[in-house]
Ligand code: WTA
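Form predicted alone, single chain, as structure tokens, below.
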């Protein structure tokens, strides 16, 4: 067996054209992610290999070969075209983790449209905001989510098509998309997309304003293919499981594109967290490579080692994590529970692929993010000069040198917002870290007001906007609060209008109003009523003061505040 190249060897010899060459790509040639993740794999002789093994919480299961995925994604693309969807249209996938989501994702890309995956737990306002911003023309959903889609559509005249993948009592303008019942389309000519053709539109939270649509292009495939191959260590006979929902970038970059571009079988469990069911799933499916999140790992830790030992998990050979910093205790627990290290990975919606990683074969230092992926130039920058810091242990802004293939090309309808993140040729990630003497990165915290709860970034704006809809709320501020499982949860500070008094009943009433508007991730875990919010003299709410109080950190300079 050929020895695995070391991190140092790969870092020295690698460049992005090498990854493109592995995929058979030539500059200027057509590039369609849908084709590369299905047709190309069949052309390599893997048409009968399992691509997707799917189970749900009821015990229902389905298995699809790569040829099934090829033909059914052709069928999906043809159906959309026949209905009038065209290249460049935004097509939202608002589904639970059902097979139609994964296969349809490729189908949308094959016909040249832009796929817009959204987390199916989004509330009415969260859904409407993203559909409105993207001028979405079509949405693919299921019966259980039709109510939210119908309410959103009332104020979205441009949302022309609603496709429903399961049985439901449909209204005018809603169309059944029965993928299994449609005539199978064996041959399909993909739209002639190129490297720079828009592909996936993922929405991410910001500190102010509405969520931002991060625009990916088909060239992201190059980064996602090679990082999945090397960092997740995917091999021909692996069975891979990614916990992430495709409503988030991890669930598309490494829950669809990464494994399937490598021709690897992936298993999907469409169910919520349950430690016993998760371990049984790993054992039953023979999962070999598992990509999870620190929140899930901490929940497993709470269940204890006795439960782990009730299952034969010897099939596992490589573990990785994503979404938030992986604390050292979780790494040490993984060693005891599975005899393996969880390899932390750092990246964002905007990067499209892993940029700082604990590479297979590299020493894992518990609590560290690892080192930059070969081909990625990273640094920690001075917060004032934006020049790289040179001394080990200095804390600065994590930054990535522009030019890797999966870097987004901008924010939808907000190019200026993305340009502000580029300084001196560096993409500024919005996080702070230090680098030790051996080149390992160590996470220190966010550089803005975004809340990282359970590995998902939540912006304060949507929460505060929902709170202000309650007639008692005068002003509000949403900040992070420490949590032993989710790392952070949302806490809301509220000032009341004249005539209203703080009470537990009022808190419950406010919670009930905003519960219908926000996803569970964005829901405040606590509301604190206060007399006034800290503000600058120009009237801007200073959330960092409230956050510092929650985390027991120094408040810092308050010279610019009102009433200081």
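Residue numbers count along the first chain shown, from 1. Predicted, not measured: the structure shown is a model, and the values here were computed from it.
This protein has a second form, the form predicted together with the named molecule, left out of what is shown; the following refers to that one.
- Among heavy atoms of residue 107, none comes within 4.5 Å of the named molecule in the predicted complex.
- Not displayed here, the named molecule is approached by residue 323 to within 4.5 Å at the level of heavy atoms in the predicted complex.
- Shown alone here, residue 102 lies farther than 4.5 Å from the named molecule in the predicted complex, counting heavy atoms only.
- In the predicted complex, at least one heavy atom of residue 446 sits within 4.5 Å of a heavy atom of the named molecule.
- For the options 418, 279, 79, 248, the residue carrying a heavy atom within 4.5 angstroms of the named molecule in the predicted complex is 248.
- Just one of 138, 146, 234, 457 comes within 4.5 Å of the named molecule in the predicted complex, counting any heavy atom, and that one is 457.
- If you check the named molecule in the predicted complex, you find no heavy atom from any of 125, 134 and 210 within 4.5 Å.
- The stretch from 265-273, 177-185, 446-454, 109-117 that comes within 4.5 Å of the named molecule in the predicted complex, counting heavy atoms only, is 446-454.
- Contacts between 337-364 and the named molecule, taken as any heavy atom within 4.5 Å in the predicted complex, involve 344, 345, 346, 347, 348, 349, 350.
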